[in-house]
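A lone chain, given as C-alpha cells: the form predicted alone.
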Amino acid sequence: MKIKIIKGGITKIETDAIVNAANSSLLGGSGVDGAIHRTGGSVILEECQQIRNKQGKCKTGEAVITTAGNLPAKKVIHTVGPVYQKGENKEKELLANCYKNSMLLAKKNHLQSIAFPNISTGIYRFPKQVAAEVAPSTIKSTPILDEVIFVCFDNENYTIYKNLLNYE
C-alpha cells in the first residue's frame, strides 16, 4: 500500500474515492463537508437525502458512499468524526472507525485509492497531533487498498503528518 501526503484541498484530488468529514445529518455543513457539497453539486446532496430517508442519520464512526458529482474523484465516502471531549468518550476509537469503515466501504465498492482529510480536527476540536497518530496507524493496520492519500488543508497538519510518517 502506497501512502502519500498532500497539502491542499480534497475537492481537487483525482482518486477513486475522497472522504468527506460529514456531520450526522449528511446534508452538508462547513469546512470539508461544505466544500465537497458545493464543488460536487446537488447530486451528492440528493443521494445523501436518499440515504437518510432509508437509514436515518449516520452514526459517529460509520460511513456511507455516494457519487462524486462534479468532483474529479469517482465516489465520496461520508464519515462522521467524533467531537472531541477531552478524550473521555472513546474519541480515538471512534476516529479510528472513521478511517477503517471508509476503507472497508471503498474495498466493498471495488475502489483501490482513497483520499482522507484531517477528520475531526476542525470544528470538532480533535487535537491535530493525536488525530494524526490515529489515522496512519489505523490505515496501516487495514492495508486493503493500493493507495491512501492524506490531504492536509493547513500547514500544521501537513507538517505533523510529514514528521510522523518521515515523508519527504
Ligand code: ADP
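The first residue of the shown sequence is 1; numbering continues from there. Predicted model, so just to flag it, every value in this text is computed and none were measured.
Below, we turn to the form predicted in complex with the named molecule, even though it does not appear here.
When you look in the predicted complex, the only residue of A131, V64, I139, V32 with a non-hydrogen atom within 4.5 Å of the named molecule is V32. Of the residues A115, C48, A106, I119, just one reaches the named molecule in the predicted complex with a heavy atom at 4.5 Å or closer; this is I119.
Against the named molecule in the predicted complex, the set P72, L111 and D146 makes no contact: no member has a heavy atom within 4.5 Å. Within 4.5 Å of some heavy atom of the named molecule in the predicted complex lies at least one heavy atom of I123.
In the predicted complex, the named molecule lies within 4.5 Å of some heavy atom of D154. Taking non-hydrogen atoms only, A17 never approaches the named molecule to within 4.5 angstroms in the predicted complex.
Residue contact with the named molecule in the predicted complex: I160 places no heavy atom within 4.5 Å of it. Per the 4.5 Å heavy atom criterion, the named molecule in the predicted complex is contacted by stretch 24-32, the sole one of 50-58, 24-32, 131-139, 64-72.
In this stretch, 44-81, not one residue has a heavy atom within 4.5 Å of the named molecule in the predicted complex; the partner itself is omitted from this view.
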